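Okay, here we've got a single chain as structure tokens, the form predicted on its own, with questions on binding and movement later.
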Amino acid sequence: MSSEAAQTASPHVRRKRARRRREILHAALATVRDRGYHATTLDDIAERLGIRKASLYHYFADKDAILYACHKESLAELDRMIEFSETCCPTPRDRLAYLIREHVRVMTEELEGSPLAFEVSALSPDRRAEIVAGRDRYEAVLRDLVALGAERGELRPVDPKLAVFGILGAINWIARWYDPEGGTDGAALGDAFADLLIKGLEST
């Protein structure tokens, strides 16, 4: 379906397409988690869904497009988190803790523990630049919160760049060991990460 046709489709058809698109992304995340990105093919994703590979082309042109969509949706969720944290959290420390908890949720629920988070280099140059720029914006927000928390005496005076590298490194590594079927609750994991990482930064 062309973009023009998609815009003029009925609400029912749009909902159906959105649901199928999400099913494809879910199958891609699960397949990559099992096989790795480079070993995963469109045939593998179609087989997991029980459909023909040709059906995938109605939604995504290639594997790169699927990878790009996963990253775009994750970045959109990070942007939403940042915006909400401005109204729900009264202090830089609280905002940082909230973003850590929610970032863990993105890793365990949105990306389903898939190592796709590491596969930015597999994107085409234009798409890679866009995703990296989005990640840089998010990282800058975290650095600002660390610096502001230190300025207000809530956090220790540390190098914001190194502190955020540590935070993001810990969260991103979840993709190396997290198993959605392993019984680990994503929300509890987020609380644990926020507690451990914030306590390491708090002023005494």
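From 1 onward, residues are counted along the sequence shown. Everything numeric in this text was worked out from a predicted model, so none of it was measured.
One more form of this protein, predicted in complex with a further copy of the same chain, exists but is not displayed; see below.
Although a further copy of the same chain is omitted here, in the model of the complex all of 156, 172 and 176 have a heavy atom within 4.5 Å of it.
With a further copy of the same chain left out of view, the stretch that reaches within 4.5 Å of it through heavy atoms in the model of the complex is, among 161 to 169, 54 to 62, 41 to 49, 22 to 30, 161 to 169. In the model of the complex, no heavy atom of residue 84 sits within 4.5 Å of a further copy of the same chain.
Using a 4.5 angstroms threshold between heavy atoms, residue 192 counts as touching a further copy of the same chain in the model of the complex.
Shown alone here, residue 187 lies farther than 4.5 Å from a further copy of the same chain in the model of the complex, counting heavy atoms only. Residue contact with a further copy of the same chain in the model of the complex: residue 196 places a heavy atom within 4.5 Å of it.
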